[in-house]
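Before any questions on how it binds or moves, here is one chain, the form predicted alone, in structure tokens.
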């Protein structure tokens, strides 16, 4: 039978073999009560204050004592009397190597042929800052960062209840990212929780660096341009969604979270709607819905009407439009495509150009190019106005992914309107509506509470009713416990 020292030596060699080529791994030798020990860690990702204060210093003091025997030392170490820091034990070289690269310090003791694993990970992270993409005038300004522990603490600060459940997954064979499913037990539908759990458990990929990778792996309707997950970087948005009965997904290294299930109504709502009076919030929400529809259909309607049905335009306005297009060498459809593609290019350039000059370039570029195109007789003034209003309307949509879907669908609808007239526009609109009616997000119809109709949920759909009237949670998301507040 091999001695324990030989087993320990083999374990140490196996660990070194698995970490070969890792120049940032440190091996520190210690001798405790006549037994050789090795402390292994990766300096850049551990907390050195915890390493020296809670592990190295107590062990060095212990090595200076002569009155204790080795067996007594192991007993006190196992009981937690020696080191004031949690640990786990393992004799698996693979488990030990994985723990080291994840930020644990490992103590291998010759006589025990086991390793003690201390989780003292400390990655570099930025401080909590205000949201960059979901700005609000009133309400909290804090946003998620790339550290999952900080993000969970922000969420726990919002919801202080033991029914807030967090289920941990480790995704990525190489990245091994921590992913948490968060929900409130008793509010979220059990079938939604189970489905999300199954999706996350079934993901098997090399790695994930953004939470969008998870959404692609979990997406049900792959051929749909419409988002089936709601992205948010605001803790209050996640907390409010959990209180409605929805489920959140958070990943380490990503300053945003996913919320499921989603509907078209939820994607058109903003967190700021709930920080203003219900009068102003309802008005802003109606304006948002109207301009969201305009961003999808306005260019195609203009092209279809001016090309095929000019008789429905008032005479004075028709004369003005005709005069502005008198010397234009292109059709209205070609005009619209040129301006829309140019606007898309300017929008993308404004995103890629360095931030201090990006906004200036995009705004000034649009003005200069539009004016130059009109003076050169390439496009007409009304077309510039239509495309500009459409571009502004697309920015009103609060969800970026939904805005991208509208921008993508705008082009095929525009082509149909320019070739078939209003019939093509209406046919495309019915096709989009039919697709939305058939789409589901984790079992929830995408157009609910419109189709299927749930009248009680209209209190927080096209307009926002006073909070005193919303005594029930939305039936769209909540399970059996749908009482939000008791009657006065």
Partner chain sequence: MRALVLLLLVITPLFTLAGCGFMMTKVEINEQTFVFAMYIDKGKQPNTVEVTISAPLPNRLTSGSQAGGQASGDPYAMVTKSSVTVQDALSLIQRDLTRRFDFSHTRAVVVGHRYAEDGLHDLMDWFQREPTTDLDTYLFVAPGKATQVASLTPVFEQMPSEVLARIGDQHNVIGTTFLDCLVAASANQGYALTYLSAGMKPMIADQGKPEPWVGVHGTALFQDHRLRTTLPLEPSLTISWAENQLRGSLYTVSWDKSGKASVYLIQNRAKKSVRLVDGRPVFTIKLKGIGDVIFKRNGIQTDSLSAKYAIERELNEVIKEHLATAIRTSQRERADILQLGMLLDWNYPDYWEKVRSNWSQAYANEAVIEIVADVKVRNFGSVLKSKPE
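Please read these numbers as outputs of a predicted model, since none were measured by experiment. Numbering follows the first chain given and starts at 1.
The next section is about a form of this same protein that is not shown, the form predicted together with its partner chain.
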*Consider the chain as shown here, without its partner, and state which of 77, 243, 321, 200 has a heavy atom within 4.5 Å of its partner chain in the model of the complex.*
321
*Just one of 132, 351, 311, 277 has a heavy atom within 4.5 angstroms of its partner chain in the model of the complex, so which one?*
311
*Per-stretch contact check against its partner chain in the model of the complex, the hit in 338-346, 282-290, 170-178, 324-332 (non-hydrogen atom, 4.5 angstroms)*: 324-332
*Spell out, yes or no, whether the shortest heavy atom distance between residue 427 and its partner chain in the model of the complex is within 4.5 Å.*
yes
*Applying a 4.5 Å heavy atom distance criterion, does residue 84 contact its partner chain in the model of the complex?*
no
*Using a 4.5 Å heavy atom cut-off, state whether residue 306 contacts its partner chain in the model of the complex.*
yes
*Contact label in the model of the complex: residue 381 to its partner chain, heavy atom within 4.5 Å*: yes
*Does any residue in 409-436 get within 4.5 Å of its partner chain in the model of the complex, counting heavy atoms only, and if so which ones?*
418, 420, 422, 423, 426, 427, 430
